[in-house]
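Here you get one chain, nothing else, as structure tokens; it is the form predicted on its own.
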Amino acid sequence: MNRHIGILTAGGDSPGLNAAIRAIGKTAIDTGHMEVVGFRDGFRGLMENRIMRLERSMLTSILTLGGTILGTSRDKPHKMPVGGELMDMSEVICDNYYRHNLDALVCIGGGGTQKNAHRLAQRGLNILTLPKTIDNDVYGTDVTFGFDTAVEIATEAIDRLHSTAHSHHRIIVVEVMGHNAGWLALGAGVASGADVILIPEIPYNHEKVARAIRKRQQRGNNFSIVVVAEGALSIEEMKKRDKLRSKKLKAKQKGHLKEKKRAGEAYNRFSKKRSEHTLRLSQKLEEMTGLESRLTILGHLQRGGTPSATDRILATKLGSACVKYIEEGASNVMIAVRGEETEPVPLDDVVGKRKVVPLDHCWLESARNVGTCLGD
């Protein structure tokens, strides 16, 4: 009997999702003699049983498309908005999995998707995942698809900002995505020749950043490009964040529910003010250097458009390998990139972890060697 595979894409959209869907579908249909069904809008579509039959004819022209033909959402199986309330819909999701006689469900997403997929695996479903995110912060894989395209987009945008910074003798502060990891800011910053790169892994000192810009002024360079990951914080802001996090943890350990809720809300408010931190940095640098400063937030621009050749190849490689692992009986694993090969990594080893930029990473060393200020 033919096997049946389900596919869903969850979390933020990312270049290469359609390439991965295509690779899974075509490989499954052509070589695995499998039937493939897609669920619309992530875990919500699986819960609501909204499906898309993935025939070969539907997969022939989606390789170069950005976004995802299946749609996506950030809904979690165990905390899904239903009728104005958050409800655990895991049981309904499991029922729909068995209703379609699925032999495996492939969940394509970032860190949050890996967690949600793992929860379903613990309920007995056969789950495989693919790592995608422009942040490149999924643990257990060398790289995620979507990252290369985002670096290209951010680099091109920063390249374009160089001319206006130079013409008007300004500081241009460019905020790129990366709440918890600085891979995107670091990659685009190095590639575009940014003068300052600030990432979440290295809390920065305002004075050291301003000093680097003033030093450029003394050399006759009356402009500077500052690339900032959205999660980058100054030393003072980092201390405040850690204090709020510690207060939340202590309340949780003591079982003080009201105090935990208040502390959690305070921490969340602080975390959501990411662009405010970047704006404050821009204003402070203007005050400290005497140069006019302008802030540009690239935002969702980094997610869109045609995936790069590298991401198309990577997504195709992972998608086709996923079908091979299904045929071999692999279950409850993420298909990771290890060097030039792929490898199934147990979801137990992936969830609850994040791949951040190591402080001895070669990209950081290269940035320092060419005189880039990292704020420390």
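Sequential numbering from 1, following the sequence displayed. For clarity, every value in this text was computed on a predicted model and none was experimentally measured.
Keep in mind the form predicted together with a small molecule is missing from the figure; the text below concerns it.
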- Determine whether any heavy atom of Ile134 comes within 4.5 Å of a heavy atom of the small molecule in the predicted complex, and answer yes or no. yes
- Message: Taking the small molecule as it sits in the predicted complex, is Asp148 near enough to touch it, meaning that at least one heavy atom pair lies within 4.5 angstroms?
- Response: no
- Message: Please determine whether Arg274 contacts the small molecule in the predicted complex, using a 4.5 Å cut-off between heavy atoms.
- Response: yes
- Tell me, yes or no, whether Ala154 is in contact with the small molecule in the predicted complex, where a contact means a heavy atom of each within 4.5 Å. no
- Which one, 79 to 87, 298 to 306, 285 to 293, 205 to 213, holds residues whose non-hydrogen atoms are within 4.5 Å of the small molecule in the predicted complex? 298 to 306
- Query: Between the options Lys261, Arg74, His162, Arg269, which residue brings a heavy atom to within 4.5 Å of the small molecule in the predicted complex?
  - Reply: Arg74
- Note on the structure: Partner-free chain; cross-checking the small molecule in the predicted complex, the single residue of Met177, Val173, Ala194, Ile93 with a heavy atom within 4.5 Å is Met177
